[in-house]
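Single chain ahead, written as structure tokens, the form predicted on its own.
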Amino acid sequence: MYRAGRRLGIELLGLQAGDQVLDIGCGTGLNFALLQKEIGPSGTIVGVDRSADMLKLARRRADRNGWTNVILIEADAVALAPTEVSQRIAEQGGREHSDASFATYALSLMPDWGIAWENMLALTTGTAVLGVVDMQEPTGPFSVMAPLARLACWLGGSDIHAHPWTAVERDCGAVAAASARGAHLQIRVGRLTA
């Protein structure tokens, strides 16, 4: 069900071969295959997650697929120091600032997701493309599924009312919007302007 949001978000990023993309709250690396198709072997994926166990699974996924262009950073997106993370990325062969930053179903897990958003901005170039995929209650005919959506988010620890994609609408230009699954999945992608 949630792959649809990932796919739409990554399509809207408009990544190019050779781009470096920051995957905030990357978890086990579920975005990696879709990102690899866009950036190719000359690009770089920087996965950031606070869970060492999730990052071990992400590393296994990268190794199993032969993706040598994946850098993994253990850090809490809310508490990290952007300068320190930039240095850690550079030490592993990446650039200090990414061409794109993407968060899928991660920001709504963070009570202070606005701080994580500011850190995303600090870790990208001044003209980077930024994307957020997250959840809200379904609308229209799908609103009958709202109790199930609320339960799923509650079980997963997400705040269905967080609406973190509003940061893209506020801070970026040329915002592209999409939704899926009865508007339960919300996708926003925009570009920073220098």
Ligand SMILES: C[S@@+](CC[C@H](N)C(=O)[O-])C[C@H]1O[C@@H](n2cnc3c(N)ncnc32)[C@H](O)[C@@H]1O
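Residue indices: 1-based, along the sequence shown. None of these values were measured; they are calculated from a predicted model.
What comes next is about the form predicted together with the ligand, which does not appear here.
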property	result
Of 152, 160, 145, 54, the one that lies within 4.5 Å of the ligand in the predicted complex (heavy atoms)	54
The unique member of 72, 120, 85, 110 whose heavy atoms fall within 4.5 Å of the ligand in the predicted complex	110
Residues 6, 30 and 50 all lining the ligand in the predicted complex, heavy atom within 4.5 Å	yes
Distance check, residue 104 to the ligand in the predicted complex, heavy atom within 4.5 Å	yes
Non-hydrogen atom contact residue 76 with the ligand in the predicted complex at 4.5 angstroms	yes
Interface membership of residue 45, the ligand in the predicted complex, 4.5 Å heavy atom rule	no
Exercise: residue 130 in contact with the ligand in the predicted complex, heavy atom 4.5 Å	no
Partner-facing stretch of 163-171, 64-72, 22-30, 136-144, counted where any non-hydrogen atom is within 4.5 angstroms of the ligand in the predicted complex	22-30
